[in-house]
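The chain below stands alone, shown as structure tokens; this is the form predicted alone.
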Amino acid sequence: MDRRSFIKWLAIGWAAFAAVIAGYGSLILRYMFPNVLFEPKQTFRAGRLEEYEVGKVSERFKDQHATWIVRDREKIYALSTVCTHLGCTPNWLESDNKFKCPCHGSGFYKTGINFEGPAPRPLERFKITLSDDGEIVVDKTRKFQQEKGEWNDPESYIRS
């Protein structure tokens, strides 16, 4: 083997070695900086009581916070937009006055009670309070389930 061939093969060998080391280095860096799913805050301000009409369902926070704000004559509450059957997002049908899940046909009254389809239980409510300045604050870290009798908890609604 002549001198030029030796230097050429030596350069190829070092380049291959450097490529392997760079590959392992990238794996180590990837391990040091994993994928992180950034979720929106679990507590948010939903405006003032006056902004919600009696007898109406507000879909203002459906996409961003997965929450419906419902106001009836006596109280205002925050419902989860997650169907209790398989986790799809039901749609509010104003004309039928109900929530209807497009995945398997579960139906829920405005209160969140299930009345048709395969959903095994009512929708969940989130903690809802009034702040000192009069704004509605919804806390999604605290959930209330009707079948456990938690809808009677004063933190699951606000008297309107």
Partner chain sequence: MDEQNGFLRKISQTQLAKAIFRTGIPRNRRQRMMIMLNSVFLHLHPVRLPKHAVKVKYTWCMGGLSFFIFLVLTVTGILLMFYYRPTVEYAYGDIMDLKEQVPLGIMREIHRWGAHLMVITVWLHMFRVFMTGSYKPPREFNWAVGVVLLVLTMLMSFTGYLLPWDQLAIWAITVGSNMAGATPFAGTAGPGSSLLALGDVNFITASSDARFAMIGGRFIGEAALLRFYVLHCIGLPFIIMIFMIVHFWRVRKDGGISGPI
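Residue numbers count along the first chain shown, from 1. Here the rigid core means the biggest group of C-alpha atoms that line up within 1.5 Å when the two forms are laid on top of each other. As the structure is a prediction and not an experimental result, all values here were calculated from the model.
Another form exists, predicted in complex with its partner chain; not displayed. Remarks below refer to it.
J.: Though only this chain appears here, would Glu39 touch its partner chain in the model of the complex if you measure heavy atom gaps against 4.5 Å?
T.: Glu39 belongs to the contact set for its partner chain.
J.: Taking its partner chain as it sits in the model of the complex, is Met32 near enough to touch it, meaning that at least one heavy atom pair lies within 4.5 angstroms?
T.: Yes - in the model of the complex, heavy atoms of Met32 and its partner chain come within 4.5 Å of each other.
J.: So in the model of the complex, does His104 come within 4.5 Å of its partner chain, heavy atom to heavy atom?
T.: Yes.
J.: Residue by residue through 54-90, tell me which have a non-hydrogen atom within 4.5 angstroms of its partner chain in the model of the complex.
T.: Read in sequence order, the residues that approach its partner chain (within 4.5 Å, in the model of the complex) are Leu86, Gly87, Cys88, Thr89.
J.: Superposing on the rigid core, do we see a C-alpha displacement of 2 Å or more at Tyr31 between this form and the one not shown?
T.: Yes, shifts by 2 Å or more.
J.: Once you account for a change of 3 Å or more, let me know if Asn35 and Gln64 sit closer or farther in the model of the complex, using their C-alpha atoms.
T.: Farther apart, which means the C-alphas of Asn35 and Gln64 are at least 3 Å more distant in the model of the complex.
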